[in-house]
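One chain comes next, on its own, written as structure tokens: the form predicted on its own.
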């Protein structure tokens, strides 16, 4: 399965590496973008995954119309995670896929075509980067590097929700980063490059693949309540090394009510 998924992702990656005159549209607001390449990539993945596993349903970020039956396997796909990065040619975007059943990710892969990194995990079998095992870091909280997402919704409200967490990490950690792609941020935690990632509102296609990869790499992934994130709707997210997660969870719990879900 890993080789078949890698081949499919590499084919789509070739398309993304070509510079195009993008057709860019807004979705929910001016900050939420979709391009024609998101749609083309998604259809290529739909066709490729149908050949790999014909019995599985397909749910893509840009088309969630398929409805898996109870117990049916289904692909959950973000054809370009980091669309704004893609629009600006920052070369920090990825293709993210999870094979799920009844809301649980059983297998996941994340592919960055700009550097050829392919993260893969299967439930109970560990996580790999380009075929080599990866594990979260053993750094202390004060030596950790954290990443924080941008959330959804009204931006002034998002700033107020994230400000206490940002301040705590800024004061007590080694540094803070914001990469503009949740899935790559999650994979960087799994690979030990980052030590934690915090997001106040995120959708399943933006975190289910990376969450499985993190857990299989020895990390912890919950929402701000300390529970498993919702596999079907928007939720908060706190992931990291056991030390990072344990340190930040009380602060997140105090702020959870402000998320509105």
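Since the structure is predicted, the reported quantities are computational estimates derived from the model, not experimental observations. Numbering follows the first chain given and starts at 1.
What comes next is about the form predicted in complex with a small molecule, which is not displayed.
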- Message: Contact with the small molecule in the predicted bound form for residue 182, defined as at least one heavy atom pair within 4.5 Å: yes or no?
- Response: yes
- Query: Is residue 137 close to the small molecule in the predicted bound form, meaning a heavy atom pair under 4.5 Å apart or at it?
  - Reply: no
- Item | Contact label in the predicted bound form: residue 80 to the small molecule, heavy atom within 4.5 Å | yes
- Query: According to a 4.5 angstroms non-hydrogen atom cut-off, is residue 197 in contact with the small molecule in the predicted bound form?
  - Reply: yes
- Message: Taking the small molecule in the predicted bound form, would 100, 126 and 216 all count as contacting it (heavy atom within 4.5 Å)?
- Response: no
- For the chain shown here without its partner, which stretch in 200-208, 221-229, 65-73, 43-51 has non-hydrogen atoms within 4.5 angstroms of the small molecule in the predicted bound form? 200-208
